[in-house]
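Okay, here we've got a single chain as structure tokens, the form predicted on its own, with questions on binding and movement later.
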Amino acid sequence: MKHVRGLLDGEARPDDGRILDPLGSIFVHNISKIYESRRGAVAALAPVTFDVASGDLVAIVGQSGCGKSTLLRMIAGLVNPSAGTIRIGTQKYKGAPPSVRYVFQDYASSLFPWKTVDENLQFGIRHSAPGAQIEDVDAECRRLRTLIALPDIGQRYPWELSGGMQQRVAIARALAAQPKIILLDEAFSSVDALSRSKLQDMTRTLWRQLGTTILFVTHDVEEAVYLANRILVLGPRGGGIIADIASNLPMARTQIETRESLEFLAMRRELINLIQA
């Protein structure tokens, strides 16, 4: 906790020299979720406590039904916790934090199909986080399209794009709001394998360029190992956090060399053993 407490005192300086905003830090304290059903109370998530440093890239993994998406939705303010507190920077929130944006798994439902790519991006710009200043909307749309390596699709509609391209636009629209934190909920699981690998690499590139905090849920262990600097493992049936693992992979990663490295294979094995235990 020493490093994260320091975030509240001013600036966070990671190893690559970036200066990060302390509003990008997440503090989760004893939050849990219980749903009422005809058969009584169902614990969707046991109390969990953890923090995410500003500018970090963290994965949440676990078996189906362990509460991964429930946890992410509570941080996003889409679901109210049954107990506990969530802070973004120094502020406690029960609703949707204004500096947080959430990217859904279903890219087809994330974008307005009757609006062009630029019109979708403009929607994100109009709903920017407090303090964001964007004077030239057209220039900002061009910048966002360049960030996702799709510079020439501004006048195309989502239904004219592939699934991977649509999900890139959904991420760009989230970035258009200039958030401090991006939450990805199985955001790459609905696209083909090649598009998925491109989205993974794009995510790490954007993370290093922008310094945005990224917290993502995935059921794909290899994706978690490849993308994240830190991995939280949830126990089965809402059992809470059973492991918190820091990555020992280098910052620079490639789909072939990294995935064939001994460090990658060792982390993959450790995670699979934890999840299946």
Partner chain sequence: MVKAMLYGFFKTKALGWTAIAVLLAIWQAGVSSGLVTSPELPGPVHLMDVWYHELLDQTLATELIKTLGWTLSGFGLAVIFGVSIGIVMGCSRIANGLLEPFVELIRPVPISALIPLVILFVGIGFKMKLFVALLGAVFPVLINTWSGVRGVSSTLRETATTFGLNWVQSVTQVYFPAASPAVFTGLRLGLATALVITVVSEMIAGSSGVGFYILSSQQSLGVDQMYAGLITLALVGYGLNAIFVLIERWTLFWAMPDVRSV
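Positions refer to the first chain, counted from 1. Just so we're clear, the structure is a prediction, and the values are computed from it rather than from any experiment.
What comes next is about the form predicted in complex with its partner chain, which is not displayed.
S.K.: Taking the partner as it appears in the model of the complex, which of 137-145, 203-211, 189-197, 109-117 has residues with heavy atoms within 4.5 Å of its partner chain?
M.R.: Looking at the partner contacts, the answer comes out as 109-117.
S.K.: Within 4.5 Å of its partner chain in the model of the complex, do Ala96, Trp159 and Arg173 each have at least one heavy atom?
M.R.: Every residue of the candidate spot has a heavy atom within 4.5 Å of its partner chain in the model of the complex.
S.K.: So in the model of the complex, is its partner chain close enough to Gly124 to count as touching (4.5 Å, heavy atoms)?
M.R.: It does: once its partner chain is placed as it appears in the model of the complex, Gly124 has a heavy atom within 4.5 Å of it.
S.K.: Do Lys180 and its partner chain come within 4.5 Å of each other in the model of the complex, heavy atoms counted?
M.R.: Result no; Lys180 lies far from its partner chain in the model of the complex.
S.K.: Is there a heavy atom of Met74 lying 4.5 Å or less from a heavy atom of its partner chain in the model of the complex?
M.R.: Because no heavy atom of Met74 falls inside 4.5 Å of its partner chain in the model of the complex, the answer is no.
S.K.: At 4.5 Å between heavy atoms, is Leu78 in contact with its partner chain in the model of the complex?
M.R.: Contact with its partner chain, yes.
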